[in-house]
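One chain follows as structure tokens, the form predicted on its own.
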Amino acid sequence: MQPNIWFNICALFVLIALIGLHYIKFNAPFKKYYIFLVMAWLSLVSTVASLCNNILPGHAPLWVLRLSNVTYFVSHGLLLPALLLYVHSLTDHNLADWKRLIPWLIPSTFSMLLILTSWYSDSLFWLDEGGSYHRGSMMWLLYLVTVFNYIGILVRLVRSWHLIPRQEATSIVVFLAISLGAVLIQLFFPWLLVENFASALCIMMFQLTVQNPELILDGSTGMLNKQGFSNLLLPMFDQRQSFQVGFLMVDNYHELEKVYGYSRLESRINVLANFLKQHPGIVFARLDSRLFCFLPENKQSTQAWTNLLQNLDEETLISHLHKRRIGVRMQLKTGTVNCPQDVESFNALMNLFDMAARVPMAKGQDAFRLSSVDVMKLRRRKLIEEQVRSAVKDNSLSMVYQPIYDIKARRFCSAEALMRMYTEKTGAVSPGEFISIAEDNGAILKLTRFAVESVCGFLNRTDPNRLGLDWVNINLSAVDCDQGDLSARLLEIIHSNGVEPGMISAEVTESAFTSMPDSVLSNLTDLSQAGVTIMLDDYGTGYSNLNRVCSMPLDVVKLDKSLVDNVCTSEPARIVMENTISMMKRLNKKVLVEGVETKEQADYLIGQGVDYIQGYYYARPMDEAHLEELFRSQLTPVG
């Protein structure tokens, strides 16, 4: 019976269209996309060879027919091993563990050798003088290998069933069912050439379901999106590979969107994206509206990577945009991240990008490159942020106390409670680092509670009245002061620990008044009326407002170290200091000066009539035991 070649003709058109679409639109830098393309090409070659086998007999030399038959069997025989690799790539994106598939690929290797030797042995097929095809005595071995391949694919599929999305797993099962049905049909009805048509239908189904590039590609630029970039990097992180990720951030995207609108701005963003894509050998991704990322395709892309980084300097990049007449002043931020040295996971990488977005750019600056030092600082900040959140629970906080000297009484009268942080991952962290981070992420409320409870515990463990310890200062942040229930919470802790409110002094800075001045004033008034001493911290640092000082229920004003540094060498500094002290005295406020480090500074301030002095000249911060020892030493009569 005459073979029906129309199935092959239909398959030919379907496969040509699918391969064309893949190159135009559906391509992505993942192994499964490469394997899919190989499967499509194998099916196309198999289809063309099958057409030649059925059209050329009687019109072509015998060797041409032999070649087309061998080509058909090779391409058709490699399709199922390729499908096995495809299934494996769904869970092992980079095929790093491909060696475990070797036992399953050995039979296919044997069948390839059998096919190639059949040119001479006629074991699988033979051609008569007219070029007509006949099955050989060993053909059953090819069917056996085919069954073995089906079993291998099913085994791999079952083992990875919980890791493969249901849509992809279902498509593979349907692929196997359709192709197996086609094999059986063509086995019993050789004139119905349906195998290649079935393969083409299955590949088309894969294109529409499993491949689904819309899930991993950015619709505007055609680059990988966040999901696609994540899929690319996760195996590299898992295998602890060393690689670099670069990024380019349109820092003012959201401001520009308000001015120009989404469509106009996106058209200009595409110019930027096209500039990036001019660099071959690099994989690009657009993770969100303003963030582009990129990395080398392979180890051979070193020069391409170097060229791209050179072209991302401010002059080249901004010049390119200006030449395209982009009348939008984009503020661009670039940098590189070493993985896994700087970040150890995709989530950590995304967190680092979020933090990079917060790094301020100079006014009027068009481009700014983050150095490796900046990246390390961001990484450390993120690490500290994670440690701060669990600092109280992890017992990584402690309190030290810096004594305060009373000039008139000629003794130490009080101390400022200072928080310290130490973790195994970060070592000792300065308050300048972790306090500001705790204010940003809200953990400062827990830290303040820890400080108040620690001070109350210290006061309960000693006898402050017998020691001559009049009070202990506790610092309150601007975030603390913004809380409407601040006074209630602090007084509840103080009372529950059996401590007199007069033993506590609350230090606040003027910056606390910037967001909710009425709430802050109400809290401080409540604390003052309950007996807590209220102290204004860091006076003279730039926030100073005399009207505000007059309106606050202040007992003590603490002058910042910056006012003290030059009083012994600068006449203008002495004028500022003397007038400040005189003014506070006339406002009936006591004056405490911090940061005193020399005898000359101390003598000068004593001469100006300040009430209290705090600084390294008198005493450094110390733990509870040494503070108690210091105060006990003052009780010893001078003989």
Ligand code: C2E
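The model shown is predicted, which means the values in this text are computed figures rather than measured ones. Each residue number is its position in the shown sequence, starting from 1.
This next part talks about the form predicted together with the named molecule, which is not shown.
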item: Candidate stretches 268-276, 190-198, 292-300, 415-423, one within 4.5 Å of the named molecule in the model of the complex by heavy atom; value: 415-423
item: Contact residue in the model of the complex, chosen from Met399, Met112, Ile178, Leu141 - any heavy atom within 4.5 Å of the named molecule; value: Met399
item: Interface residue in the model of the complex among Glu385, Asp526, Glu507, Asp218, criterion: non-hydrogen atom within 4.5 angstroms of the named molecule; value: Glu507
item: All of Ile435, Asp538 and Pro621 within 4.5 Å of the named molecule in the model of the complex, heavy atom check; value: yes
item: Close approach of Gly595 to the named molecule in the model of the complex, 4.5 Å, heavy atom; value: yes
item: Close approach of Phe13 to the named molecule in the model of the complex, 4.5 Å, heavy atom; value: no
item: The named molecule contact at Arg489 in the model of the complex, heavy atom, 4.5 Å; value: no
item: Heavy atom of Ile444 within 4.5 Å of the named molecule in the model of the complex; value: yes
item: Partner contacts for 441-478, taking the named molecule in the model of the complex and a 4.5 Å heavy atom cut-off; value: Ile444, Ala451, Asn475, Leu476, Ser477
